[in-house]
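Read the single chain below, which is given as structure tokens and is the form predicted on its own.
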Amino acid sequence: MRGPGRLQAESRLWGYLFLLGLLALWEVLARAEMVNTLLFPRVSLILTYLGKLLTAGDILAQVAISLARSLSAYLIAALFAISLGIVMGYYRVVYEVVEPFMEMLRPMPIVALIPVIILFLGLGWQMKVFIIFLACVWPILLNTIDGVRGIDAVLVHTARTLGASPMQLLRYVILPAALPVIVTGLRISVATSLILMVISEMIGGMNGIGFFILNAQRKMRVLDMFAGIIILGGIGYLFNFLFRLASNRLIHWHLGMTRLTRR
């Protein structure tokens, strides 16, 4: 009987094979000139060109700029949203005061707010970081609030009865109990940070991987464009992989419980 770990590995293997099959089909169609090779060059040609770009190092500089923006905004959003979410989830008065303002801003599409953000912050680094920050805040904040409000009241009352201080209550009861839900919000925001990083660089950037892709499209440098897209996809995959490793260590006890209940 195959275990869940083996089934997951087999499913992932089939996913890789499906992706390789699509790339192989693209390569065959391009070599047979059944597609417009100016718009869809051979995959082998794209990968060869990508290797040259990576060796030259120019595109790596653009990636470094983009990652610096994305990671700084993500970390600021995580610290802000988790702190505010714990306070709002634990103190009902704070939740009632902040909730109307939060529900007014949350449904607004970030893209619709970009002109206003540009008006006040210009087209520089601050604009891009703030756009990414604003997009990342909501998933983390909402999940943190739900995680704290969903804690069993018996746990909190028991800790208080045993003489736990507010800091001990936060460290040993509230954070561990709410952490699985908070991690879900953090994972959603990882993808969001990359999406808004690209959008902000395409709208008002002069550097970064988003600007690199858009500039290549404008100049019909198709190999550059596809190389940038592949790098962006690789960054997204790497981020997700690293986050899964970190979250598995952070909430390993929760994952063990959920796996046990599924058997």
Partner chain sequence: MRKLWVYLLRTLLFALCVAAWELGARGNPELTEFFPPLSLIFPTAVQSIAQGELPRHLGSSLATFLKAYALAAFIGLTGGVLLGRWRWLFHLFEPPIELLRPLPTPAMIPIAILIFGIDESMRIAITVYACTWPILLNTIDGVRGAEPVLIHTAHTFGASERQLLLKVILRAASPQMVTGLRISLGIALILVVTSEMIAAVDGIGFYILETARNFEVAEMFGAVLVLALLGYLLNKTFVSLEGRAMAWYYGSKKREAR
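Model, not experiment: these values are computed from the prediction. Only the largest set of C-alpha atoms that superpose within 1.5 Å between the two forms is called the rigid core. Positions refer to the first chain, counted from 1.
There is also a form predicted together with the partner chain; it is not shown, and the following applies to it.
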Considering the partner chain in the model of the complex, find the one stretch among 71-79, 138-146, 90-98, 124-132 with heavy atoms no farther than 4.5 Å from it. 90-98
Which residue, Ala30, Leu50, Leu67, Met225, is the contact with the partner chain in the model of the complex, using a 4.5 Å heavy atom cutoff? Met225
Among Ala61, Leu45, Met220, Val35, which has any heavy atom within 4.5 Å of the partner chain in the model of the complex? Met220
Verify the contact flag for Ile195: yes if a non-hydrogen atom of it lies within 4.5 Å of a non-hydrogen atom of the partner chain in the model of the complex, no if not. yes
Does the partner chain get within 4.5 angstroms of any non-hydrogen atom of Gly21 in the model of the complex? no
Contact label in the model of the complex: Leu39 to the partner chain, heavy atom within 4.5 Å: yes
Any chance Ile229 has a heavy atom within 4.5 Å of the partner chain in the model of the complex? yes
Heavy atom within 4.5 Å of the partner chain in the model of the complex: which residues of 177-214 qualify? Leu194, Ile195, Val198, Ile199, Met202, Ile203, Ile213, Leu214
Rigid-core frame, C-alpha of Leu22, shift of 2 angstroms or more between this form and the one not shown: yes
